[in-house]
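One chain is shown next in structure tokens, namely the form predicted alone.
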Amino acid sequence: MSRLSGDTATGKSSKRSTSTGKSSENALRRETVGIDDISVYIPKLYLPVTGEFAASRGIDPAKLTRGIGIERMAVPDVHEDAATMAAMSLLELMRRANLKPEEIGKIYVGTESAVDEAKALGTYVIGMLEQVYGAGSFQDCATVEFKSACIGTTQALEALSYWAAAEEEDKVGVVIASDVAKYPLRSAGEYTQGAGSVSLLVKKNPRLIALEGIFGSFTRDENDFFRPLGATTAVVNGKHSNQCYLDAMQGAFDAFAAKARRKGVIVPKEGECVTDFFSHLLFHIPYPRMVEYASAAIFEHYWQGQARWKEVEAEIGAEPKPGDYESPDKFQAAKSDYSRQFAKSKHFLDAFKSKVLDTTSISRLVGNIYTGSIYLGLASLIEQERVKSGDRLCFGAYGSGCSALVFSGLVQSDAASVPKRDLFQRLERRTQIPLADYERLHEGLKEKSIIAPSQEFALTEIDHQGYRHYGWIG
């Protein structure tokens, strides 16, 4: 039987979608396409946001650990960049899945930390992997780079899923997210930095998650976050960016819900809403607290008009009405305040704890990794054994500029057979660096790696033409 959690005051009930006479259990038996395995690479260095960092920036540590939700930032060493991290996560994925180069038909890379303005990051990755698997071993594999801020990897996953569905030679595809989130020293976004790579194995009849083929989109032109040509750090319009995230997520979620209803996949009955049909909701994680804001906006929107909304109003009062205020600005201020009250309500906090909170556990220890942060959320759920066969997961990806994509997937019956990655143990084995070393790494002033590369790919040279050379360091 398919287990689908419902949104109740406790957030712990479950239900099956039977609106078309076909349950999620039946869907699990059809030929599917989706994520078969996942690997994660995080640099070996980290900086705590408390202690030296918070003191030097004049920030209350509680603002960072509780208000933002960040405890540590992953920091790449001198020899690391988006290309080396991508190669490392792909190598781990291939070793985990016993994949041979000739079995991989396509490698799609989502990044906004590209190491070249023209050459695809995936070609560097293939060059590195061929140092392990042999020259020419990936020559029948196509690669392309997706750039769309933090939504790039999700756009790559959507595109690759269509290819995998049509693939007739039993080849598999890989989607790689790899990024270094970097902001100017002492800027407002500095404490949300991070670095890492996630690789997803995409194929028919996956062991982990079968995508349901429903993608809801939202796009409009905004200046909330961008990095001008030639700049090494991004420009962030903080409050505007947060609002763009919420607007885009709402729009994409509505588009997804409409498509799911039209296709008969999710058709809420009286007293139900679309969020009831998800065991977990995963959102892009620029910082963990943003996920709380996003889920509160979604739950508030979809719970309105339901019987449960009366219980919410009994706790926090009735929702503001436009006619009760003398100007639109005052009404919007009251509406914003009401939404903040909703986010503190017991009804929401119970649902958030049940369906969303655990997706942020790894990000708290790593920081933002841009295109891969939503899939760190997936890894976080898997490592904590929070997903079960038949669970329906909802993914809400956001890319500044701004775009959002919402899609769903069903956890497969073989999911428990996929080995864990011991990610939390690996994160604890990292090396803490002092503030001075972090700042020198950030500014490119450190010439020698803090930890000499070993059994990994490394940037070995940037030649007189600016071309980057990489090697396997044994």
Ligand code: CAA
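This structure is a prediction, so every number in the text was calculated from the model and none was measured. In this text, residue numbers run from 1 along the sequence as written.
Missing here is the form predicted together with acetoacetyl-coenzyme A; even so, the following discussion is about that form.
Residue (of Gly238, Gly264, Gly134, Gly317) lying close to acetoacetyl-coenzyme A in the predicted complex, criterion heavy atoms within 4.5 Å: Of Gly238, Gly264, Gly134, Gly317, the residue with a heavy atom within 4.5 Å of acetoacetyl-coenzyme A in the predicted complex is Gly238.
So which of Tyr398, Tyr375, Tyr124, Phe256 gets a non-hydrogen atom within 4.5 Å of acetoacetyl-coenzyme A in the predicted complex? Of Tyr398, Tyr375, Tyr124, Phe256, the residue with a heavy atom within 4.5 Å of acetoacetyl-coenzyme A in the predicted complex is Tyr398.
Using a 4.5 Å heavy atom cut-off, state whether Tyr370 contacts acetoacetyl-coenzyme A in the predicted complex. Taking the distances in the predicted complex, the answer for Tyr370 is yes, it comes within 4.5 Å of acetoacetyl-coenzyme A.
Would Ile68 sit within 4.5 Å of acetoacetyl-coenzyme A in the predicted complex, counting heavy atoms only? Judged by the heavy-atom cut-off of 4.5 Å, Ile68 is in contact with acetoacetyl-coenzyme A in the predicted complex.
Using the partner position in the predicted complex, report whether Met85 sits within 4.5 Å of acetoacetyl-coenzyme A, counting heavy atoms only. Close contact is absent here: in the predicted complex, Met85 is far from acetoacetyl-coenzyme A, nothing within 4.5 Å, heavy atoms only.
is_contact(Pro286, acetoacetyl-coenzyme A) in the predicted complex, heavy atom dist at most 4.5 Å: Yes - in the predicted complex, heavy atoms of Pro286 and acetoacetyl-coenzyme A come within 4.5 Å of each other.
With the partner left out here, if you bring back acetoacetyl-coenzyme A in the predicted complex, are Thr192, Asn242 and Arg340 all within 4.5 Å of it by some heavy atom? Verified in the predicted complex; spot residues all in contact, yes.
Residue stretch of 436-444, 41-49, 57-65, 416-424 approaching acetoacetyl-coenzyme A in the predicted complex, non-hydrogen atom distance within 4.5 Å: The contacting stretch here is 57-65.
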